[in-house]
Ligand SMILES: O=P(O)(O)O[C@H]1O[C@H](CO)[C@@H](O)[C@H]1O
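In structure tokens, the next block holds one chain alone, the form predicted alone.
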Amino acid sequence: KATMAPILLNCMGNDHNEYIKQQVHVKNPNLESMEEDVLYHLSLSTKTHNLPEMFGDIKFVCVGGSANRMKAFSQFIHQELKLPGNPEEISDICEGTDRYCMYKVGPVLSLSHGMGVPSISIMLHELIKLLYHAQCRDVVLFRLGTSGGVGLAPGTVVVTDKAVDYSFRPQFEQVVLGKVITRSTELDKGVANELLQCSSELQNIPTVIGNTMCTHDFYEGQGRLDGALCSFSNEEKLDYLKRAYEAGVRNIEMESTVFAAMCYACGLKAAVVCVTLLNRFEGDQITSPHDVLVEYQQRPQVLVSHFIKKRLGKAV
């Protein structure tokens, strides 16, 4: 139940304030009076599952759009952490639903979030409640993904400084009861700098810190000329991308603002780590060979796994 964590906190003595600082927060007083919280899209519930027992040791959460990619990441991090058991036998905790997949590997949780703001926001509501009910503390969240580069060579990893909207503002707008509310998209600079340091310790992981623009569409919203609809010229597209570059934008994707906003609002340290698959100044379609794209997509995973291993004292 949602009341479990406060009851435990009352028994913490001198460590009370530090515990509060590290724990996952929710900003919904209605949870306190609920007899059961059904995390419907994750196929979990506070009544049918012992969430503290199942997830209480989670310290790192890695999310990404593709179900197959996040399954592969769970197997990869299993090998990197040298955990017992066969990584091929890791089971999907969310197998009761076809919306998302979830894999637990030691203190690491790997989840898919689908594509776009609506899909990831649904997952984040339930993930954050899961971490809260499980009484997790000192958790770091990562979004691992792909993106279109703005003035960067394909294969460059961008660690997000600020997640910005279509007007290059570091904010996320949400419509609630017919009114627009605005939330900050601040990300943890300490984690970002730590990731940049990790990249310098790895081979063939070119990495920069820059702003990431989040759009609500892959085609028109990102200024592509190759969609089913197009109401602008190539010159207008390039002018928009130039203004984005001048505002510090180095890549474009479709989830970063809501990810940053929800994590910040709930007191979670978070980072967005996306590889670029093309330079949008040079075209709109992804043309690299499949094997090259597969290697590119592994770069954020390799970087974040190195971060996790260093935090756990397991880096070579």
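Residue indices: 1-based, along the sequence shown. Please read all numbers here as calculations on a predicted model, not as lab measurements.
Beyond what is shown, the protein has a form predicted together with the ligand; the following relates to that form.
- Of the residues given (G116, G210, P107, G221), G116 alone sits with a heavy atom within 4.5 Å of the ligand in the predicted complex.
- This chain lacks the partner; the member of T185, S74, T156, T146 within 4.5 angstroms of the ligand in the predicted complex by a non-hydrogen atom is T146.
- Only one of 65 to 73, 49 to 57, 259 to 267, 25 to 33 lies within 4.5 Å of the ligand in the predicted complex by heavy atoms, and it is 65 to 73.
- Using a 4.5 Å cutoff between non-hydrogen atoms, L42 does not count as a contact of the ligand in the predicted complex.
- At a distance threshold of 4.5 angstroms between non-hydrogen atoms, A271 is out of contact with the ligand in the predicted complex.
- At a distance threshold of 4.5 angstroms between non-hydrogen atoms, M254 is in contact with the ligand in the predicted complex.
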